[in-house]
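One chain comes next, on its own, written out as structure tokens in the form predicted alone.
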Amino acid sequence: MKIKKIPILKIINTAIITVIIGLMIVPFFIMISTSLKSYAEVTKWPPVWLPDIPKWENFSTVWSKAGNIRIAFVNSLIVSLSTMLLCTVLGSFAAYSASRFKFAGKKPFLFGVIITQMFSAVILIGPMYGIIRDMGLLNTHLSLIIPNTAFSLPMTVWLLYGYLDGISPSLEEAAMLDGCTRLQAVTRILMPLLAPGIITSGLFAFIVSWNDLIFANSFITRTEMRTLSVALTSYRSLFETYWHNMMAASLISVIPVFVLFLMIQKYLVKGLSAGGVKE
């Protein structure tokens, strides 16, 4: 009987992929397990992997009682969706202008856009606080929407600029020769081709805003205006941290991003695999 040989390289690749997937899954497993434990089980030593009796009430507790993340959840949705909308609209206009028109200072403009990504939010928080305070926007949704948009917009412009450069201008020119105006050529011909790029850049802006802690922690002091990332830090006191409640709230905070990924995954795959000239 002839034994089929398995290439050693294939075994190594499989082992590496298994280890990587394991490293990615373990934190989520610990998060889910901790969210279903009681405080006594969380602080028990040696630690236990699974709770004796799952405490499903931890989720209802963080949603409506302890910490009350419900309002923070709505605030995060308002800020993140507004940031995503502003970034996609402003980014589309800027990327279209840079891709389709020739103007003086085009290269410095694109270079300047990408340079802004090199500045950390920690460096900018001081002057931005002064601007937001002088505008009277502290403790408002706008105090988070404006800086998050400013922080995500450069990358949005570059993502859309890359997609637009992959779409031949001859498609719009052909539509205009057939009688379309430039606006009609853009909306009817270009936008469907650009949809994966718009969705990818919008998702990037949403996630950046959803995970923001620096701006939310600096510009918001009223409890009813705090976002989810700030609310998650409230499950700790000077001497103890309520990990079971914090993990339950963290799982709830993952839901919008997870649902968004499920809804747009086919467009996201198209966007990631897009390339070349589309004619």
Partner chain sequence: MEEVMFTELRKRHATPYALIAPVLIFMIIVYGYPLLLTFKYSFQDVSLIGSKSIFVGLANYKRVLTDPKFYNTLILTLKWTVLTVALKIGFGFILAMFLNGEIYLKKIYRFLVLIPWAIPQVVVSILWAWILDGQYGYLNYYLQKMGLIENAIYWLSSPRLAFISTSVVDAWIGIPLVTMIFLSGLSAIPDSFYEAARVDGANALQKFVHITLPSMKKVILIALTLTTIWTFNSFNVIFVLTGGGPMGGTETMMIRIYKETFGKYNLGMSATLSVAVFVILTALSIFYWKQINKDED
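In this text the structure is predicted, and so the values were computed from the model without any measurement. Positions refer to the first chain, counted from 1.
One more form of this protein, predicted together with its partner chain, exists but is not displayed; see below.
With the partner omitted here, the residue from G136, P192, G179, P127 that has a non-hydrogen atom within 4.5 angstroms of its partner chain in the predicted complex is P127.
The stretch in contact with its partner chain in the predicted complex, judged by heavy atoms within 4.5 Å, is 112-120, chosen from 163-171, 194-202, 70-78, 112-120. Its partner chain is not shown here, but in the predicted complex it comes within 4.5 Å of a heavy atom of A150.
By the criterion of a heavy atom within 4.5 Å, T61 is excluded from the residues contacting its partner chain in the predicted complex. Proximity of S97 to its partner chain in the predicted complex falls within the 4.5 Å heavy atom cutoff.
Contact between K37 and its partner chain in the predicted complex is found at the 4.5 Å heavy atom cutoff.
Contacts of stretch 11-31 with its partner chain in the predicted complex, defined by any heavy atom lying within 4.5 Å, are made by I11, N13, T14, I16, I17, T18, I20, I21, M24, I25, P27, F28, I30, M31, listed in sequence order.
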